[in-house]
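Two forms, one chain: they're shown below as structure tokens, one block per form, named structure 1 and structure 2.
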Structure 1
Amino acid sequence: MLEVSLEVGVGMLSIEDIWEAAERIDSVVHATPVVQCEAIDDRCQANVLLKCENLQKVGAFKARGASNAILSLSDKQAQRGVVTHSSGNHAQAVAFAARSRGIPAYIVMPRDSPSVKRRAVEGYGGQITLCEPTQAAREKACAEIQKRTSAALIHPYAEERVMAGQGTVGLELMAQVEDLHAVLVPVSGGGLVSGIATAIKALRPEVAVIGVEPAGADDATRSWTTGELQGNTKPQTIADGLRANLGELNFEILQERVDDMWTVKEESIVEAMRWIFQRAKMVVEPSGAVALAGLMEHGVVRLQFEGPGRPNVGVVVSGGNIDLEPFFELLLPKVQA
């Protein structure tokens, strides 16, 4: 039985919150597999355990947090519906979870959100409101919808019910892999890394939790390094799901429970996507490949592994929602020729 550290979770998100979330969402989401690819292991000089949230409901870990938050609402709260803002994966997750409960979902999305994600939100019955691609515009649109509908806000990352749901990724990984040296997690608003770090540090505090984010959207790294919450004004990265600013509560958890923060180049993200597509045979979006990009760019040396053999490194593949229509359009002329 895993021993629980009693020092973790005092005054903020706790392992108990995550256990409750796991029970609440058990029948709604998948327990995703851990996949290993020999070619990726050799490339990274590590035993790379890919935690495949790209195979989760709605194609991303976001289904966990949204489902936990929406299932936690009272019937009176739920009947007014839910509202959120998101560039895509959380939007899909809220629409999915709301449909599962039979309630309205009002979704604010930036105008530059990928069309594949917009279509998915509409497919789950979400009512989309488009806004300018800024944090202020998102929050303003949400506030207007809340005032009109009294819908419950399901924040993408800065609330404990969402973080607890995301933390179930860490619970599963601990149960699936006995001997881990480190876990690499993509970071944007911080909900996923907050939940995973809480679970891991409660169950196996010796396992290093490392957050990874694009160099062009590095507010979490700057915040973690300086000890002061910082933001991005104009994030520049192909990882569209990692452009949000770190939340205040998430920042506090990062400071306490995350061991290191890495940034990665855009070229490294593309390289990681290529390896997952070609060698692991899985579809992954840029945001979903960022954690593997961190291992490929920085190498096991930065993990400070001193044991015999190769380290066992958990890598969260966080999403697989990518628009493949251009690829199929390129193929069509060849088929018709």
Structure 2
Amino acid sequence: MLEVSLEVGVGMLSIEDIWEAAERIDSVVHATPVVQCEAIDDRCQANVLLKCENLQKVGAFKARGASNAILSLSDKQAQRGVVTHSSGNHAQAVAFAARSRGIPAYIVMPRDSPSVKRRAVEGYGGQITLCEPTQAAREKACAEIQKRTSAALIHPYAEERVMAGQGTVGLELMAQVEDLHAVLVPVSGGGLVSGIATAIKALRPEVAVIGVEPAGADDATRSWTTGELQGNTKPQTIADGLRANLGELNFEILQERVDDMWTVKEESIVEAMRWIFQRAKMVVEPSGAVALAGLMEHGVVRLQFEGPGRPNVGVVVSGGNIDLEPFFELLLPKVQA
């Protein structure tokens, strides 16, 4: 039987929020598989349990949080639609979740977003407003749409309903894998790690929850280490989904419920991508490979596991939205020859 620790979750995101989210989004999103690959296990000297959110609807865990937030709206609120600004997976997730509730989604995207991402949002029926590629312009465009439509703002991470939705990844993983020793989670704004850590610390406090960040966008690690919320001045990483600053709400949860924060080099991210593509035969975006990169770079030794055998390590593969067109263009000359 699972033991519920009642000390955790008073006054902030709680396990009850996550249980409710799980019920709410059950018919809208996938329960994603856990994949294990012998070659990766041997490389890491661990049972590496890849939690495949790259196989989630819209290709990323973001579908969970957006769906929970949008399904939580009252009918009256929902009618007016939802709005967000994002150039990435959250934009698609909001458009997807709004469509599944049959309400309008207004998505503010910077003018320089790749056309493939715009098409994906349009594919889910999202109504795009382009703006200058600055934070100020994005927020201004959002505010204007809200004023005009009274649409509800769906924040990508600093909102309880969104965090609760992401936390369902942790619930599922605990149900899928017995005897977890640790769970590694990529960190950006902190929505995913907040949700997962809340679920795990409530139900299995002995399981270590470790956040992993690119060294070139390590604001959450610095914040967690110093106890003061810090930002990235100029994030430099191939992991385009992990460049946002840690949210304030997320920072509080991180401090209380995350056991360690690790950073990884860019080379480790690419190495982890290679293993996932070539051995697990799955498509992963750079951000989605960061947790595995952590295990590969720091090694199972940092998990302080004291045998026997290998530890069971959950590794969240957060998304698979990477532009593969350059690769297909390399293939095309062969086809035309």
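Basically, rigid core = biggest C-alpha set you can superpose within 1.5 Å across the two forms. Since the structure is predicted, the reported quantities are computational estimates derived from the model, not experimental observations. Residue numbering: structure 1 sequence, from 1.
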remark   = In this pair, it is the form predicted in complex with another copy of the chain that is given as structure 2
inquiry  = Taking the rigid core as the reference frame, tell me whether residue 117 has a CA displacement of 2 angstroms or more between structures 1 and 2.
reply    = yes
ask   = Fitting the rigid core first, would the Cα of residue 129 be found 2 Å or more away between structures 1 and 2?
value = yes
